[in-house]
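Read the single chain below, which is given as structure tokens and is the form predicted on its own.
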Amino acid sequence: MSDQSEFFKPAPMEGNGAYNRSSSVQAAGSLPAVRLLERAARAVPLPPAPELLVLADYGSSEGHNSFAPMTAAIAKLRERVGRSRAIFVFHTDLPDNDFTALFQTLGNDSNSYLSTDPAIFAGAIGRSYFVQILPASSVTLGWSAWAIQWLSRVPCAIPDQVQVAYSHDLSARSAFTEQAAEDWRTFLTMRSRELRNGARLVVLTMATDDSGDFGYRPVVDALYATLVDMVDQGLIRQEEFRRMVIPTFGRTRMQFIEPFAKNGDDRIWTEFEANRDAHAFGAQWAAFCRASVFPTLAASLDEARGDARSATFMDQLEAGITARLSAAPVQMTIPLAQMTLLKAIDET
């Protein structure tokens, strides 16, 4: 396979708290997996004091969506170890993540798990989870939500889409499938090094359902059509558009270890059925896209990321998606996989 790395520039999230403000879909979708995390916290073997009791949050972004799972896990651990034992929570993400927003959220938000428990200590690590992040055999309980669908690299350009799930190009689909398999193996290998014997890791991620559907079709169509319009209007150049790829991949049930694939609930559709506010429907899905994939697309612009043109690009793309989805609201399919991974106890 030829080197296609020129198509991909690792892109941070938009920053300045944008992900925290625009990730309600991710927050709602995480709630069912929080129950798995609670069960894991009740069952996981605990290191004897004074060894460190470590929780790891893999792919934390700006932190707001970590509150519910970390608070739930801490509550179950407190039932077992009491109020005085120190618990360390490490949030990890790429080096370009907005860690300033993370620490401001942890320190200032009234819902933060730090606000009521002085024996909780939080830290952050700016490193990819495709390498070892924490010391060997140090993590008791791990959590990763809406993260591992992101690939470590873009294996090739997608000639007819920005999301490979809806591409008709067989070579692109094959290359993404191979990269996803390699990345999943790497992720599991790195976590196996970090987890203690008997430790548990709860994972929630995008997936494909049993019929092979990745979901999100209306919003992907709206995004792609808006980009085409922006090329036609001269707002972005054709060569920039050709470079735009969303490096996410929905794995199948068989590609996970002990998977729990299940369709997620479309909270935005439920709200629309109640209030019939089509603009709010479109705006919420556009915000979901802005929080998750716009910075990656903006990284393909010729000018430096973070400049005025990048901001204008994201504003106009968000407006276009909002308009398209508001014109014809439709319920989204949201396939998700939930799983609890257990590191076997070494009896030797």
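What you are looking at is a predicted structure, and each value in this text was computed from that prediction instead of being measured. Don't overthink the numbering: it's just position in the shown sequence, from 1.
Not on display, but discussed next: the form predicted in complex with another copy of the chain.
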Original post:
Among 237 to 245, 159 to 167, 144 to 152, 120 to 128, which stretch has residues whose heavy atoms lie within 4.5 Å of another copy of the chain in the predicted complex?
Top reply: 120 to 128
Original post:
Which one, 179, 226, 208, 97, lies within 4.5 Å of another copy of the chain in the predicted complex by heavy atoms?
Top reply: 97
Original post:
Heavy atom within 4.5 Å of another copy of the chain in the predicted complex: which of 280, 319, 46, 52?
Top reply: 52
**OP:** Verify the contact flag for residue 174: yes if a non-hydrogen atom of it lies within 4.5 Å of a non-hydrogen atom of another copy of the chain in the predicted complex, no if not.
**Re:** no
Original post:
Is there a heavy atom of residue 134 lying 4.5 Å or less from a heavy atom of another copy of the chain in the predicted complex?
Top reply: yes
Original post:
Taking 4.5 angstroms as the cut-off for heavy atoms, does residue 269 touch another copy of the chain in the predicted complex?
Top reply: no
Subject >> Heavy atom of residue 114 within 4.5 Å of another copy of the chain in the predicted complex >> reply: yes
